[in-house]
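Coming up is one lone chain in structure tokens, specifically the form predicted on its own.
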């Protein structure tokens, strides 16, 4: 008689989804900074780099927060990896579209 052991995949799924969330946050913040003067000025954390400092810092904080929460929730569980990967890839695709100049200029 053989036993099948299923290893929890929650930690990996948390990292993958957090990466998608972080990349989408980066794209949204960059887009908002380009389109809104108020957002642009609020994202200046370090004057020599301008709003890019706030965009990247905020996106990294969102990524870390998402990863921490998802790891806390899913760390020792088995989750539907296909669904998580699909959502992460959709977020990554939207991120690429939001940072692609011809698409951004249409919005």
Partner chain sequence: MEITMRSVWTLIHGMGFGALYLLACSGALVELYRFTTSTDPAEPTPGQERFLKGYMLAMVLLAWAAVLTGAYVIYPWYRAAAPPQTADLSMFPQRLLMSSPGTIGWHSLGMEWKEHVAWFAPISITMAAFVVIRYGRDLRHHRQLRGAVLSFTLVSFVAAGIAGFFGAMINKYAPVQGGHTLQLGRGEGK
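Residue numbers count along the first chain shown, from 1. Predicted model, so just to flag it, every value in this text is computed and none were measured.
The same protein also has a form predicted in complex with its partner chain, omitted here; what follows describes it.
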**Asked** Contact between residue 106 and its partner chain in the model of the complex at 4.5 Å, heavy atoms?
**Response** no
**Item:** Residue contact check: residue 81 to its partner chain in the model of the complex, 4.5 Å heavy atom
**Value:** yes
**Interface membership of residue 75, its partner chain in the model of the complex, 4.5 Å heavy atom rule** = yes
**in the model of the complex, residue 62 touching its partner chain (heavy atom, 4.5 Å)** = no
**Prompt:** Going by its partner chain in the model of the complex, which residues of 52-79 come within 4.5 Å of it through any heavy atom?
**Reply:** 52, 53, 55, 56, 57, 60, 63, 67, 71, 75
